[in-house]
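Just the one chain here, the form predicted alone, laid out as structure tokens.
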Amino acid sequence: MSNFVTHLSQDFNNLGVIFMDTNFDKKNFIENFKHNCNRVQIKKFLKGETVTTYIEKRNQICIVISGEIDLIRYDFNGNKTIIGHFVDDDVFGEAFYPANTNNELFAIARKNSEVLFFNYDSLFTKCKRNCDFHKTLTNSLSELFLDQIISLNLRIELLTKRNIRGKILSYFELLSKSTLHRTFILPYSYTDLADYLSVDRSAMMRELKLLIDEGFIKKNGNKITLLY
């Protein structure tokens, strides 16, 4: 077990930027964004409603004000994959996933949610108010997008694992580091977790049982504790 865990930890340590602190106050920035820019739209969605699709090229930037949003892809056979999961202050939109395939991406509200919409092209047109905040927005783009860029890198890291065990433990390691606890609550049901990891659910559940039996993890419902 030790060799596997050592390699796993090294993988995430190599992405040391993931949990670094910056002076950028994202929550305060988004609050100012809501109230100081006349180009934003804020909409509310009920659980299960479609927030947006990536079928058209709209260059939207979306920010979760409250709630939870899943980004879902269905292939030609109707198979579902959860591409991303977004919570308060997370950024998503076509700017990160250009619509260059026939696979359709849907952003679906996992619970009642409120979302801010902004067109990326508006950054390069003069604001009608000539407001100072428009300049602040342009200057803060890299900070605003940082978390999403990191999330995309982590997604690639997870999907490049060669087996189900590697994907499961890599994801658990990520959740542990992001919460700073060895015990954490999964944000997904096990069915959705299988969709997120792009694995068969039955095979994933068998692997979870093996991880419990071999002393890697303890599981109580959707509460996971890492034992290594």
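Note that residue numbering follows the sequence shown and begins at 1. As the structure is a computational prediction, the values presented were derived from the model and not from experiment.
The same protein also has a form predicted together with the DNA, omitted here; what follows describes it.
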In this chain shown alone, the residue from Val51, Leu174, Cys62, Ile164 with a heavy atom within 4.5 Å of the DNA in the predicted complex is Ile164
Name the residue from Asn38, Asn28, Thr191, Ser178 that puts a heavy atom within 4.5 Å of the DNA in the predicted complex.
Thr191
Please tell me whether any heavy atom belonging to Lys219 falls inside 4.5 Å of a heavy atom of the DNA, as the geometry stands in the predicted complex.
yes
Residue-level contact is defined here as any heavy atom of the residue lying within 4.5 Å of the DNA in the predicted complex; does Arg201 satisfy this criterion?
yes
